[in-house]
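The chain that follows stands alone, in the form predicted on its own, written as structure tokens.
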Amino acid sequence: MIFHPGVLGLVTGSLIVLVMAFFSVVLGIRIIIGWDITKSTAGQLSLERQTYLVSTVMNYVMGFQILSLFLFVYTADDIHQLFVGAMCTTGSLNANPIGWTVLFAKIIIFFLCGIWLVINKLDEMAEDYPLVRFKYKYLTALAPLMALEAYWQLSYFLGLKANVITSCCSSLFSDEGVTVASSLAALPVDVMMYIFYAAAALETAMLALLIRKSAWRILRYISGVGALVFFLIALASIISFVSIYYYETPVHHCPFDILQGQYMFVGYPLYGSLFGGVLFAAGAAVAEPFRKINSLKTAVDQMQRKWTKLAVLLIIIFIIISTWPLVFSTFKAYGQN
């Protein structure tokens, strides 16, 4: 199992990322302790060179961590054929339950790494680097979580056994069970549609307003929190009704089968646009407090508008992909006229 290309890529990549991350943490701690932009000493110049190095290294590290979420899901889906009873990613994750922990950890790290990139981008746009200490303290706190996720990932792959008989989505995402997944599958289709489109319209409208320079800044925080709420509603909606319209069967609620070739890999742009849209919306909200720093006012305004536009675009793409089968499919879910 460990010699599967995807598994090797994830494990090797995580090891390299951890070495680079902890190397950066060591340099980051030195920068936190000794940084003083008002000085022109040899020590300060050395720290400035080191922060360029750390920022460059961590951009690659954070980029890999973000992409590893999708690589992990792709790999888990690709190896499902090795397990009896598995038909998709769900079966692979059930073959060693710690796989679910890895998936949830990668989702959390996806957003935390994205936020670090937001902070680093803003810091590099100011001549006095006002966020240097903050971003390296953030990195110091994030690195142990990355190490824990890498350990769980290695434990997951090493714990997979080809002779294991596993359960798949037909049992986990059944509307007759008592688990969280089955509860989501059992949500009324009509109700979830109303909630989903209402939340999508509200979040998109708020983000559209924030593109204007005259918009209330408090909306930035509200839209950031709203993006995270919309993210949870969107995931519930994919399980509740989006999936069944793609599968054209009322009892198939798996959120992973749409990643497969028989459904034209539509799951990747679906999830990619959702995760990207929410990340950009949250990033714009995270940047708002830094507006108080004089050297960052222009950079914050410039990047917030850019990120907000990208958030709107990606969320609209997600809505279109989610709505496509509802409009063009002849399938009707239970309770639909």
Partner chain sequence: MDAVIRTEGVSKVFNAGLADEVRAVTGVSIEIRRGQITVLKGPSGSGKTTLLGLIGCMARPTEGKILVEGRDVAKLPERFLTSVRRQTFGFIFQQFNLIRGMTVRENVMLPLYPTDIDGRQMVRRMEEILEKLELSSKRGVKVGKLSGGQQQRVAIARALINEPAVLLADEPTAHLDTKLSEDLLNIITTLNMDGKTIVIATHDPLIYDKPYIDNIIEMRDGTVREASLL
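Note that the coordinates shown come from a computational prediction; the quantities given were computed from them, not determined experimentally. Positions refer to the first chain, counted from 1. We call the rigid core the largest set of C-alpha positions that still match within 1.5 Å between the two forms.
What follows is about the form predicted together with the partner chain, which we do not show.
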item: Interface residue in the model of the complex among Ile32, Ile293, Leu310, Ile37, criterion: non-hydrogen atom within 4.5 angstroms of the partner chain; value: Ile37
item: Listed residue (Cys88, Ala126, Leu142, Met193) with a non-hydrogen atom within 4.5 angstroms of the partner chain in the model of the complex; value: Ala126
item: Val26 within 4.5 Å of the partner chain in the model of the complex, heavy atoms; value: no
item: Heavy atom of Glu48 within 4.5 Å of the partner chain in the model of the complex; value: yes
item: Which of 245-253, 222-230, 196-204, 118-126 sits within 4.5 Å of the partner chain in the model of the complex, heavy atom basis; value: 118-126
item: Ser40 C-alpha shift between the shown form and the other one of 2 Å or more, rigid core reference; value: yes
